[in-house]
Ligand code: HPA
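One chain comes next, on its own, written as structure tokens: the form predicted alone.
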């Protein structure tokens, strides 16, 4: 099995990816920027979702090209690392969420590889249960080394259009809908992976309380600090997951 990680620009270097090679992969849907390398001696594909350098807004990402590029490079499973806001007031910042469900609020994105034929995928469980189980086992293995690590073992990712953050009223609506976290990139990424038959799971880092859940406005510096802490946890989980899969 060859793991691909989709994440923010620079995550590959943060995770310690060695022997890095940069690629521009051409696909029928456009080009994608991808890195390959070794993580603790094991091959890993890393796709910086927003480009190298980061410049692509969530609603303008070429999700179809990204997934097809991973397939061309031999990826057989995908782990998506995302930064999210909280919707459930009980969630701490920072913490990790391994979502098991999602609700799509996006519009105008290219949602499918099947444009000239009717093709329905079963999307009852949008995140692959087997891959999620492997991630959760890795979480259990590293928990003792990180006493401050807080993980929600399931959650509902509400995917909004972006690029702006949500209003306080929108966060209240998401909560009524059953969402626990909110981000901008899970769709159509997860659905496209399912169309390709590629197992897809996610780890979300909560980096800010949803608007209206804490006094004042969302502060960028606080988001960056929460992201740094959360990514350190993600790195440890990723290393453990890959070691277990060896």
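Residue numbers count along the first chain shown, from 1. Here the structure is a predicted model, which means the values were calculated and not measured.
Below: the form predicted together with hypoxanthine, not depicted.
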| query | finding |
| --- | --- |
| Hypoxanthine in the predicted complex: contacted by all of 77, 81 and 128, heavy atom 4.5 Å | no |
| Residue 111, heavy atom within 4.5 angstroms of hypoxanthine in the predicted complex | no |
| Contact test in the predicted complex: residue 212 vs hypoxanthine, heavy atoms, 4.5 Å | no |
| Interface membership of residue 155, hypoxanthine in the predicted complex, 4.5 Å heavy atom rule | no |
| Close approach of residue 34 to hypoxanthine in the predicted complex, 4.5 Å, heavy atom | no |
| Hypoxanthine in the predicted complex: contacting segment from 103-111, 144-152, 83-91, 129-137, heavy atom within 4.5 Å | 83-91 |
| Contact residue in the predicted complex, chosen from 73, 165, 98, 121 - any heavy atom within 4.5 Å of hypoxanthine | 165 |
| In the predicted complex, the residue from 207, 203, 45, 192 that sits within 4.5 Å of hypoxanthine by heavy atoms | 207 |
| Residues from 176-192 in contact with hypoxanthine (non-hydrogen atom within 4.5 Å) in the predicted complex | 182, 183, 184 |
